[in-house]
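Alright, two takes on the same chain below, each alone as structure tokens: structure 1 and structure 2.
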Structure 1
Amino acid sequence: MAAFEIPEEQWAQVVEKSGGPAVYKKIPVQKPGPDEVLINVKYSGVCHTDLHAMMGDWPLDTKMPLVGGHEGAGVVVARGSLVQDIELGDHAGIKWLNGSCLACCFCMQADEPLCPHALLSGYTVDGSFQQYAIAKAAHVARLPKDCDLEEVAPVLCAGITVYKGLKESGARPGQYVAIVGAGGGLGSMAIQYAKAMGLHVIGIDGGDEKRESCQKLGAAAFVDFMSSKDLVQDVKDATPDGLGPHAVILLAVSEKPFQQATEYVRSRGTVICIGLPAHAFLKAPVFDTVIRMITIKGSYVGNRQDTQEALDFYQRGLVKVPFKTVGLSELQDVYSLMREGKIVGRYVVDTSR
């Protein structure tokens, strides 16, 4: 175990007031507490949540000033006195859940994301848009040494989240799952995870480009919400017995797709909500929900076990991440593209520039 030379100062993107912007500047490097590690972040994915954190438009307060980022992949360069199962030089990932109490009734049941004392990277604690970030040792993602730190970054939030949603859906190998928003960045990962889990995918999105991208990734069917004359019927028809998919993963929840999902999902099926549009509401007819025994379920980020499982699928080559890399200094440009809705895959920032 080599010792690492750790600088006193580092480059970071710092949000100084709610609403932004993020400022690229030098800030001090922190020291890990007894149960923490210090990670030299090499790459970090950029997630829609980072934009929400900067804008402060979610009903949950952020730390301020704030270093955002929660898809950081790097190398452990220091550790606290209690940390025993991570060595200096190990590769590790910083994810949305930076830490949790590990002792409350949620943590005790492996639902750490629901911990009332949860620390959120790039939201309630500083995250991965800096060269050296702190995280609770029990929570950092364990990455194998041969893991590509650039490509794995987006798995640390996007990958885990869609994998968790698929797990929560209860869909079993051989069953059908509809993915709403299948042609986007999250969607393309969801299709790949679903297939690796033995599921058949019905991609739902708009336009021929999205259709092609879904088909290339192996979706069994594609329904175009822009050209379909009867979306509900078309999705049902995409299953061999016409009864509809066993589960629906809503990556882009707005009220319209949500209501339709409860209509085309198979009786006894499950609609999983993942997307987090500000101020939106779920709405479903009581009668149909009851007599068809439909389940509607919110799925947040994965716990630590989900994290390792999602990473395993990636590591075995079953999930390719569509990404584009820019320098950490260019983060504000990525936010601009995001606001304009111009991002298809995932952006990754390189902290060395």
Structure 2
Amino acid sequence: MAAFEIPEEQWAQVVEKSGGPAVYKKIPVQKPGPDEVLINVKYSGVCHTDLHAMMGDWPLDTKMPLVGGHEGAGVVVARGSLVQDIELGDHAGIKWLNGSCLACCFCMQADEPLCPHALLSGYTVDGSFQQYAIAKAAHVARLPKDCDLEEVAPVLCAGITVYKGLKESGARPGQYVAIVGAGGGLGSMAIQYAKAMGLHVIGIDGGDEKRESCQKLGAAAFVDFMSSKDLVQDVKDATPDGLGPHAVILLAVSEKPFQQATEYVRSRGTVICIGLPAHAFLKAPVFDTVIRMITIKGSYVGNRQDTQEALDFYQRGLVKVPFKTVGLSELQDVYSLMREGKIVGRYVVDTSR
């Protein structure tokens, strides 16, 4: 078994108070507990959730001070005494779900993200915006040694989350799915997972750059909410029979798209809510929802099996991650771009710089 030299201190991005900013500074390297592993994080994707964690605008208590991040890919350099199925030197990924009790009714039914005792990376426990991070061994993603750690990092949240949402939608090969926020980090991957699952994609987003990105990734149609005079009708018209998509995947970070979705999804269609705009609400006409037999569901990340399935799509080359890499020291600049809605694809931070 390989032995690693682990430093006493490391570079990290630390949110010291709710509202930010994130401060690039040195902090101690922690030691793993009996059921934990210590991962030398090489790369970490940046998710919109990380911005919410810094701003503290979700109705969920946030650890402070906090090291954010939950898309960390790296190498296992230490393990606790109870860990037997992970070797030092193995590649592993830190996900949003850092750990769960594995004993409650949800964990027993493979719904561990719903565990009332769940630990959340970069939210209730320190995450992957540091060079060395801890996670429960049972929940880290097992990554093949030949896996590109830089590219796979966003799969650990964005990929798993959209793949799970598509599964929850029940959409079948040959059917149409509308992806709202298709030009963003999650959307760019959702298009590819949907195509790999045999679905036709209608991308919904704003601007020519995002239109070009969606079309390049294989969207059958694109509706620009910034220029559309009647978005509901335009989405319906993008399906061959004009009845609308069979499912809608909502990745938006504002409330309005959540209100529109039930208007254009076809009868007996399913609306999947994944994006979490702050202080937003869902609203749908009861009469229309009943008479058209519309299903509205929430989908919240994936379990351990979903993780391995999502990674398998990536490993087979069916999903490519559109990303741009910057240094960990530049994280605050990424948050600024995120606030301005200027990010196409995903940003990844390199913890070595």
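Predicted model, so just to flag it, every value in this text is computed and none were measured. Throughout, residue numbering runs from 1 along the sequence of structure 1. The term rigid core refers to the maximal set of C-alpha atoms that superpose within 1.5 Å between the two forms.
Enquirer: Pick one: which is the form predicted together with a further copy of the same chain?
Expert: Structure 1 is the one predicted together with a further copy of the same chain.
Enquirer: Please state whether residue 223 has a C-alpha shift of 2 Å or more between structure 1 and structure 2, with the rigid core used for the fit.
Expert: Shift of 2 Å or more: yes.
Enquirer: Answer yes if the CA of residue 89 moves 2 Å or more between structure 1 and structure 2 after aligning the rigid core, and no otherwise.
Expert: False for residue 89: its C-alpha shift is below 2 Å.
Enquirer: With both forms fit on the core, is the shift of the CA atom of residue 193 between structure 1 and structure 2 2 Å or larger?
Expert: Moves: no, less than 2 Å.
Enquirer: In Å, how large is the CA movement of residue 235 between structure 1 and structure 2 relative to the superposed rigid core?
Expert: Displacement of the alpha carbon, after core fit: 3.4 Å.
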